[in-house]
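Next up: just one chain, as structure tokens, the form predicted alone.
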Amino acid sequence: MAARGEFSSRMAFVLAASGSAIGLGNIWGFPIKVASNGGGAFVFTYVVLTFLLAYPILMAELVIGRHAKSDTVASLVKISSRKSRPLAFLTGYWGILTASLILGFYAIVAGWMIAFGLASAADLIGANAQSEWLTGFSLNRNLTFVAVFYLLTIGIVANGVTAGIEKWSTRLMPMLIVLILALIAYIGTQNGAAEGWRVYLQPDFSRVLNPDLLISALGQAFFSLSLGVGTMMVYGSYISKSENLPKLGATVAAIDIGIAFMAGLLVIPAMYVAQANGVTIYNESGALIDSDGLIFTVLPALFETMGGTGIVVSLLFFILMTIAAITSSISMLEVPVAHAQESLGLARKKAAWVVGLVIMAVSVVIVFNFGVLFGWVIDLTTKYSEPLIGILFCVFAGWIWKRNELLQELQQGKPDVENSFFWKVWPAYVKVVCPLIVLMVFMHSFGLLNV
């Protein structure tokens, strides 16, 4: 079997794991949920529930992965008893399939981001015909940029943990943060931004306990940390045994919350700036325009009202979105690649290209059957599959893995963990509370729970 990689430092892991968590869903999904669910009330609830729900499950994935030092399937098998081994295989392969399908539709959207960014560059040099092709929804455009995005993602993953994932995560994440801050500063100078900030930052606490808001915030907290497909389990397997896992996991959760919050500081005010400039942000029924419409209709229309400056702002915005997409896609591809490398014995580069091209074929099938498959694959993976796998990860950490082995793993990076508040609360919490809450989210998304 090929030698395993390992993150060279704590900061390298934090940036890579944060990059995995901070994807397109955080940059454009989170602000839409904020705007649709009471503004600041949703932000407050999301922050609380991320640490009440998402952080404990993140810790389950990290500790299992570091203990086993292997891919998702092998990691779950290692902590299983003979009776639970079939469930370990089922859960591991289910996670690999789900990660692959998510990447299948994710690459299509990421390709659009690249195309819109290049369209802005084309506008800068007056190449209007090329810009129109890049922003038009055509089969050739979609296939071209799906391929471009996969080449970027496969190229990074093929170089391994240190020279690939770590190298590019440590470069791209600081760029992402700088771009968000620069765009926030610029949008903040525009007419209408103050109203957007007021809506975003001023919570209406009467809505905090609204059942629909709670369910929506629970779902966002769960999905925003890339939970339920094994990405964090695989990344956890690349962490040194000397690292303090509870502290490391809390750092990743905090950065994820911070970036999502910053995205809201950018996108929500931008929506109100667009409205002040005559751009429609509500549909005919009076509801806020959906995510696709916001990113590919409302914001481009806003950029057009800014003249020459708007072209530069547009270019920076779509560079930001592309960076967010790549830092997440490399973690999704790493899940099946790690299995192909470690359990099937393929060399790293071969595993990355073989697996990557197979998943690209899935994206091509979705592109050719876009109207039927795109929304269906999104719902199948994010609404149904991820919550169920998340519940199973809790079962493995809380019910199947021997408690003394779990404690010993945590003690390697924090010898006094047994006396900490974390150890007094987390084992029982991940065993009982988390599965029940995630099950509630799942049932609500499936229409089985009306609250």
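In this text, residue numbers run from 1 along the sequence as written. Take the two forms, superpose them, and find the largest set of C-alpha atoms that agree within 1.5 Å; that set is the rigid core. Note that the structure is predicted; figures quoted are calculated from it, not measured.
This next part talks about the form predicted in complex with 4-fluoro-L-phenylalanine, which is not shown.
Site annotation in the predicted complex: the residue of Ser328, Ser314, Gln341, Gln190 reaching within 4.5 Å of 4-fluoro-L-phenylalanine with a heavy atom is Ser328. Think of it this way: in the predicted complex, 4-fluoro-L-phenylalanine has a heavy atom of just one of Ser131, Thr381, Ser224, Asn142 within 4.5 Å, and the residue is Ser224. Contact here is defined as any heavy atom lying within 4.5 Å of 4-fluoro-L-phenylalanine in the predicted complex, and by that definition each of Asn26, Tyr106 and Met332 is a contact residue. With a 4.5 Å cutoff on heavy atoms, Met233 does not count as touching 4-fluoro-L-phenylalanine in the predicted complex; it lies far away. The closest heavy atom approach of Ala21 to 4-fluoro-L-phenylalanine in the predicted complex falls within 4.5 Å.
When 4-fluoro-L-phenylalanine is considered in the predicted complex, Ala217 lies well away from it, no heavy atom lying within 4.5 Å. Put simply, Leu76 is far from 4-fluoro-L-phenylalanine in the predicted complex: not one heavy atom of it is within 4.5 Å. Screening 225-233, 273-281, 247-255, 120-128 for residues having heavy atoms within 4.5 Å of 4-fluoro-L-phenylalanine in the predicted complex returns a single hit, 225-233. Core-aligned CA deviation for Phe393 between this form and the one not shown: less than 2 Å.
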